[in-house]
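Below, in structure tokens: the form predicted alone, a single chain.
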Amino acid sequence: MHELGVVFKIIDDLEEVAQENDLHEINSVTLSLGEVSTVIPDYLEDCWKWAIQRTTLLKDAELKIETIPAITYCSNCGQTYETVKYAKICPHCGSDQTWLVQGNEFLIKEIEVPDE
């Protein structure tokens, strides 16, 4: 389960942002998570709940996950299609000359802090 390592990296990044912006508390964190990013949302949430209890900055912070759908482009016919449903073979022309154009992202999209 690499999700715990991912959570520790997110917490490190959030602590750096907090220090740069003189923040003492974060209410929620929104992640953009690609559908084929190899990160399992349920595992990530479980690791998050465990890890945030070890920091005052994020003690009660909510984790919000927005899924980015995986889309593949076929260079043979120029069409795009759902990666998870059809994998590497284009459903329009049968070509394997395809490239993932979105869906493997993992980004901190938004940080919500208390009103002061």
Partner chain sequence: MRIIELNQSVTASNDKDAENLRKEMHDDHILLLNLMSSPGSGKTTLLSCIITDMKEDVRIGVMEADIASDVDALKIEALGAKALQAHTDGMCHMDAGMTRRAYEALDTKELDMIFLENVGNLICPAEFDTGAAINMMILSVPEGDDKPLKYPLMFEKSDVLVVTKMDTLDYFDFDLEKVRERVKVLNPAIKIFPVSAKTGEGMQALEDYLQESLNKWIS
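Positions refer to the first chain, counted from 1. The shown structure was predicted, so the numbers you read here are calculated from the model rather than taken from an experiment.
Quick note: we don't show the form predicted together with the partner chain, though the next part is all about it.
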4.5 angstroms heavy atom contact with the partner chain in the predicted bound form for residue 56: no
Can you tell me if residue 27 lies within 4.5 angstroms of the partner chain in the predicted bound form, counting non-hydrogen atoms only? yes
Residue 38 versus the partner chain, in the predicted bound form: is there a non-hydrogen atom within 4.5 Å? yes
Is there a heavy atom of residue 93 lying 4.5 Å or less from a heavy atom of the partner chain in the predicted bound form? no
What residues of 4-33, in sequence order, lie within 4.5 Å of the partner chain in the predicted bound form by heavy atom? 5, 6, 9, 10, 13, 14, 16, 17, 23, 27
